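Next up: just one chain, as C-alpha cells, the form predicted on its own.
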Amino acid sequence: MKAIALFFILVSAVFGAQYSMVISKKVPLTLISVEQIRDIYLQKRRSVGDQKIIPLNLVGQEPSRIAFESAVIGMGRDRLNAYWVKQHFQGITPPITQPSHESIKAFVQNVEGAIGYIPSSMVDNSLKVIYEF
C-alpha cells in the first residue's frame, strides 16, 4: 500500500499534477491551501470564508484516493481509519463517498460547495481547479 502511494507521489513530482481538486465555477472560491483541504476532509472545517464546503471522496482503494490521502491528507489508510473510528464516537462522519470520478464530477457540477478530486485530464470549463497534486 505504501509503495503505491509513493509511486503516485513520485509520478506527480516528475510529470506534474495528476489530480485536480475541483469546485463548481459558480462558487466564488479561487484558491485553497493544502491545510484547509486537509481540515475539510478531516471534518475539522465546514467552510472557507462564507462558503459551506461539502467534501467528496472515492469509495475503496482507488489509486487516486490513495494518492490523495498520502499527498494531501498526509495519512496512510491505517492511520486514517483509526482517526475515523475515534471521530465516529464523537458523532463526526467522514466525507461523502462516490463510486467514480465521473460521479464526483457530476456532484461538484450540481451541488454548490461540493469539492472533490478527479484526474486533471477530466477537468473542463464547467469546473474550477483550486488545488493540484
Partner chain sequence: MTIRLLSLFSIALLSFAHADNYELGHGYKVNDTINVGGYFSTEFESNRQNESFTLDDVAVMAYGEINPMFSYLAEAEAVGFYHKNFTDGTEVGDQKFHIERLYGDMWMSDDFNIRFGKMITPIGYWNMEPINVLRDTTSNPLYSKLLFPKFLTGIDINGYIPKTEGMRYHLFGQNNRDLDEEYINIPNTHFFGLSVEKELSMDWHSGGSIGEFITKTSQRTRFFEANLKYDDNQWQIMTEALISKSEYADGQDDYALSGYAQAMYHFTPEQALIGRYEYFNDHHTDYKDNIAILGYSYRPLYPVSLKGEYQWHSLHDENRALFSLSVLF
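Numbering follows the first chain given and starts at 1. The structure presented is a predicted model; accordingly, all values stated were derived computationally and were not measured.
There is another form of this protein, the form predicted together with its partner chain, and it is not shown here; the text below is about that form.
S.K.: Quick one: does R45 come within 4.5 Å of its partner chain in the predicted complex, counting heavy atoms only?
M.R.: Looking in the predicted complex, residue contacts with its partner chain include R45, since a heavy atom lies within 4.5 Å.
S.K.: For R79, is any heavy atom within 4.5 Å of its partner chain in the predicted complex, or not?
M.R.: Judged by the heavy-atom cut-off of 4.5 Å, R79 is in contact with its partner chain in the predicted complex.
S.K.: Consider G60 of the chain shown here, and say whether it contacts its partner chain in the predicted complex, taking contact as heavy atoms within 4.5 Å.
M.R.: Contact check for G60: no, nothing within 4.5 Å of its partner chain in the predicted complex.
S.K.: Considering non-hydrogen atoms and a 4.5 Å limit, does its partner chain approach L31 in the predicted complex?
M.R.: Result no; L31 lies far from its partner chain in the predicted complex.
S.K.: Within 4.5 Å of its partner chain in the predicted complex, counting any non-hydrogen atom, which residues from 57 to 75 show up?
M.R.: The stretch 57 to 75, when checked against its partner chain in the predicted complex, contributes I73, G74, M75 at the 4.5 Å heavy-atom cut-off.
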